[in-house]
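The chain below stands alone and is given as structure tokens, in the form predicted on its own.
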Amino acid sequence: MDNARTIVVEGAPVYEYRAFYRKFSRAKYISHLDLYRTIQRSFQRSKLPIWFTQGFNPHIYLTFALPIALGYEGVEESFDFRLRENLPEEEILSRLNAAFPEGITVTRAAAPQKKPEEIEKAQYTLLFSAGNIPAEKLLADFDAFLAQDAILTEKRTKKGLREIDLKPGIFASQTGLTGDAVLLAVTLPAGTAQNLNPTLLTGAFAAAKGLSLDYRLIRRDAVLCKDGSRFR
């Protein structure tokens, strides 16, 4: 089987996998730290031959290339893990999905192909409304907001709040209406160099207009690499 990447640790083979999963429904309210703990517990319940790190405090090897924000749904999220045996993908998926809570479903487990450093952008879909404001007017106002030469807002960094211009970071955007809500499909920077959440953009719009937005959906649809391919 070649569905894992084989490495050797202290003379023994270890098999690296990258799992892709969907995070939706109530699971979107699980924070990243709690998600980390949830996956660890799920591995223990699954009885998979999980590999633990070496040293004074052994723990399950588990890494995330791009953690997802609280309240966001995810279509193709990922985490890396290691097993002491090279198992078929079908068995891994079956055991993990039987152990995971409602709202988290693993869809694929294979050998990692890309490095997290190759991630450059992410695609999002949002649905939002604003009180009694007609969706048509809200859409027109939002389109005008996007058309500005600069979109300034404040972003919290390790050094505190700083003003940034979101406009150069919008790789692509498309707006429309879905029922009584505004639909926004947008591609923004993601990864180690720069990471922008789409609610920075909609939040800047709400602040400029003095609105309170009601989000029906905030979903990350894809994570893309510098060459335009999906993160695998």
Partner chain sequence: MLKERLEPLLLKVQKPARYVGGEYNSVVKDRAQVKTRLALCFPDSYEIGMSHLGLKILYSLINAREDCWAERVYAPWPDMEALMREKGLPLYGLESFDPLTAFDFIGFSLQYELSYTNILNMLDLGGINPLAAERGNGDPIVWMGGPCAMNAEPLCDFADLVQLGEGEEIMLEMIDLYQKHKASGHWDKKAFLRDAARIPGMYVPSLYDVSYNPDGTVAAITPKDGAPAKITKRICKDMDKAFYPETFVVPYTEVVHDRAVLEVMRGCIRGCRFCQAGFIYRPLRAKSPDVLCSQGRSLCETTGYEEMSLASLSTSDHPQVEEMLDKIIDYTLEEKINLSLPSLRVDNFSKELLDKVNRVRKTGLTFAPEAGTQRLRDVINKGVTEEEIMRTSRIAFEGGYTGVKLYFMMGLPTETEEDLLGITRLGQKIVDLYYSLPAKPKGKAVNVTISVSTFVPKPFTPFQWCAQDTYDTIVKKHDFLRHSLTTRKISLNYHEVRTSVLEGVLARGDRRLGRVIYTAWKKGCKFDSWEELFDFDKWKEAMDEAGLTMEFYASRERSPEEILPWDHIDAGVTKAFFLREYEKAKRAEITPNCKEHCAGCGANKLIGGGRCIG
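Positions refer to the first chain, counted from 1. Every value quoted in this text rests on a predicted model; they were computed, and no experiment measured them.
Not pictured, yet referred to below: the form predicted together with its partner chain.
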- Query: With the partner left out here, if you bring back its partner chain in the predicted complex, are R26, D34 and L70 all within 4.5 Å of it by some heavy atom?
  - Reply: yes
- Can any non-hydrogen atom of A204 be found within 4.5 angstroms of its partner chain in the predicted complex? no
- Query: Is F52 close enough to its partner chain in the predicted complex to count, meaning some heavy atom within 4.5 Å?
  - Reply: yes
- Query: Should E102 be counted as a contact of its partner chain in the predicted complex, where contact means heavy atoms within 4.5 Å?
  - Reply: yes
- Is Q44 close enough to touch its partner chain in the predicted complex, meaning at least one heavy atom pair within 4.5 Å? yes
- Task: Counting only non-hydrogen atoms, choose the one of 112-120, 74-82, 147-155, 93-101 that falls within 4.5 Å of its partner chain in the predicted complex.
- Result: 93-101
- Selected contact from L196, I30, A181, A65, since only one has a non-hydrogen atom within 4.5 angstroms of its partner chain in the predicted complex: I30
- Query: Quick one: which residues from 200-232 get a non-hydrogen atom within 4.5 Å of its partner chain in the predicted complex?
  - Reply: S212, L213, D214, Y215, I218
